[in-house]
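Only one chain is shown below, in structure tokens, and it's the form predicted alone.
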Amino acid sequence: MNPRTDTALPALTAAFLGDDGTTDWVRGVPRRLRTLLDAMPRSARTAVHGAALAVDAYALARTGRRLTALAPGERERLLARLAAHRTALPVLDALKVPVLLAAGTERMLHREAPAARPAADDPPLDCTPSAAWPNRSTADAVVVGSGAGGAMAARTLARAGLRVVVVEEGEHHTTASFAGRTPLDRFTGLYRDAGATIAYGAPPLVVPTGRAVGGTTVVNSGTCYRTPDHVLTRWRTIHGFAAADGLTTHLDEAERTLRVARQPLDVLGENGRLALSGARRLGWAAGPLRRNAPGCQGSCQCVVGCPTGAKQSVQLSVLPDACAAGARIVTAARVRRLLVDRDRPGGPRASGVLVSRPDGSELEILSPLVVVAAGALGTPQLLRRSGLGGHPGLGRNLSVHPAISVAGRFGTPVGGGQAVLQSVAVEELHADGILIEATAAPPGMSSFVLPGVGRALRDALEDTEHLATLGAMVADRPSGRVLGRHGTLLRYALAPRDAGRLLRAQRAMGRLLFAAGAEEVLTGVPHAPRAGDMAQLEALLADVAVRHLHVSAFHPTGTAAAGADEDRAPADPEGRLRGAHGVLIADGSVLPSCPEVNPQLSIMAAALAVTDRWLART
């Protein structure tokens, strides 16, 4: 690390949090921030360090001294002066995100140690680290990826009597390993690039995805929506996705497997109850979400691995059945490329996979069937690395559910007790492509709407228990692309229609929070952060464009879509990759368009349909 960065970053963190030596937890934030940055990709680290150096240079130009030489009050005034420049404010606001992640965890640890929970016994899995796997082996089917789609494909094929090997780039994390560890410690290990995957565009979007046995199901909210009937009709009639014909039955099976049920009210949390109250006063349709978490204890940590084992991620619900039927899982194993026999009559045919171990050595697993379930961001790149990326639609058609958050400040505490991370759905605007959900994230992960710098920001962090947060996602037009062969390079151009939906969602969430009794609404817009009533909110948002918002994105789908149109769909109507025999697509990339809801059930049902149809033809 640049020595100047090593001093500038802690000084900038101290300025952000108004560190004047009076608050113990603030002193530990720079160290925790450094740990977080070390887990991020080099591009993200470089951007943060570069921004810290830029602020340091600004301090030198304004005062003749660097940040480290300024007194706490001088640092805070300097940062406030910089934040007053509208062009600089978005950069400072982006820098606050990792600082708040680190600060939320550090504050939590000083208030209370992580609760020691009884270590739950997970169902057994047949997992072998790649370092212990032989250099060459054989199987009847190799499944690349162990998330929602890969797990369901592996179970289906193993139950049919095939020798199945699942290859997973991440590690196997148990419920016991989550208990007693801070949310941020788990965050850096469970997310690809420590959650810093970016889709570049206007605005840029953060697209967090999981990397572990169980994939993103380990770190999702547990929300389980069935694919809406009108979406299934569109997939079947417009796109020609033949597997959609029986998807209703497969959705039933996915729900049974995950033990999906309506979230009980007793652990809903005050955040969810306020959302219900506001919706009731407005006459809006709302209710507790259906989730795969029987016996949920309201630990509110779904997105960093459930520490009680209540959430039925696929490593607890689907993969144990696959392993009981004979499937094996190779962990810490990155598939470099599919092995392809190009001299076979009838065209290229898959013959297995070439896998990299963490130490750089390689192994081969030979198989006549490869099921690609590396996720909508990973599947296109893997197929390109394998020489199977020639279809013009591969990597295109990316949908991501663009999302924003708004918070309301209430006179009485909202957080601090039992709560579900995603508890209530407000579906009043769902017919228009807007789904609002009450959210309550772990410490620091719901603080991005907090305005200000210095002592004002520190005071706001001390008072987050009075905030209720809502998130809204929009059913987007496929506006993105996955580029390249290595790393994760995404482009996303938010459609004007979807930008309008996000702004409409922001107003609707503000209205809902005021109806629930909020004293003020935090908009998440840097230059218009607070509104005391709905009229003020409307006035503030009149000057807001989508580029001013903190936009995240979730649930990437569609980048190797199945369909009847040979020119547009990389996979055929049954999910078989065009241009090669023996390759099935069984993850979110196979979905023809945005599913308009949290997609876990849709992906599992599609993977079941694709593999069922393949078995029926063999």
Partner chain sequence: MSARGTEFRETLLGRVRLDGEDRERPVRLDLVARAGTVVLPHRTTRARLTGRVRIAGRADDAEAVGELEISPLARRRIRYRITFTLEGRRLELDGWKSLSPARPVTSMTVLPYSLHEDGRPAGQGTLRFPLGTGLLPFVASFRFPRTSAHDPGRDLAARWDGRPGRTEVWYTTLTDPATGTGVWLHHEVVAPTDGSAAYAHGWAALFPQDGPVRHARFGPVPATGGTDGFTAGDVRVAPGALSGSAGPLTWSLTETPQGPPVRTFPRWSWRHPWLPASHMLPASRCRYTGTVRHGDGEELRLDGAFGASARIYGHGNAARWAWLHADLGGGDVLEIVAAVSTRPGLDRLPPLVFLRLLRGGRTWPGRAERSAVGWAGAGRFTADLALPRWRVTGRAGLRRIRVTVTQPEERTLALDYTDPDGSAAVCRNSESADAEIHLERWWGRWRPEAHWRLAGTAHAEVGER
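Residue numbers count along the first chain shown, from 1. Remember, predicted model here, so these are calculated numbers, not experimental data.
The discussion below concerns the form predicted in complex with the partner chain, not included here.
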item	value
Partner-proximal stretch of 253-261, 128-136, 99-107, 407-415 relative to the partner chain in the predicted bound form, 4.5 angstroms, heavy atom	128-136
Single option in V340, L502, L79, L289 placed near the partner chain in the predicted bound form, where near means a heavy atom within 4.5 Å	V340
In the predicted bound form, the one of R547, R281, R344, H486 near the partner chain [non-hydrogen atom within 4.5 angstroms]	R344
Distance check, L540 to the partner chain in the predicted bound form, heavy atom within 4.5 Å	no
Heavy atom of E364 within 4.5 Å of the partner chain in the predicted bound form	yes
Contact of Q297 with the partner chain in the predicted bound form (heavy atom, 4.5 Å)	no
Heavy atom of S351 within 4.5 Å of the partner chain in the predicted bound form	yes
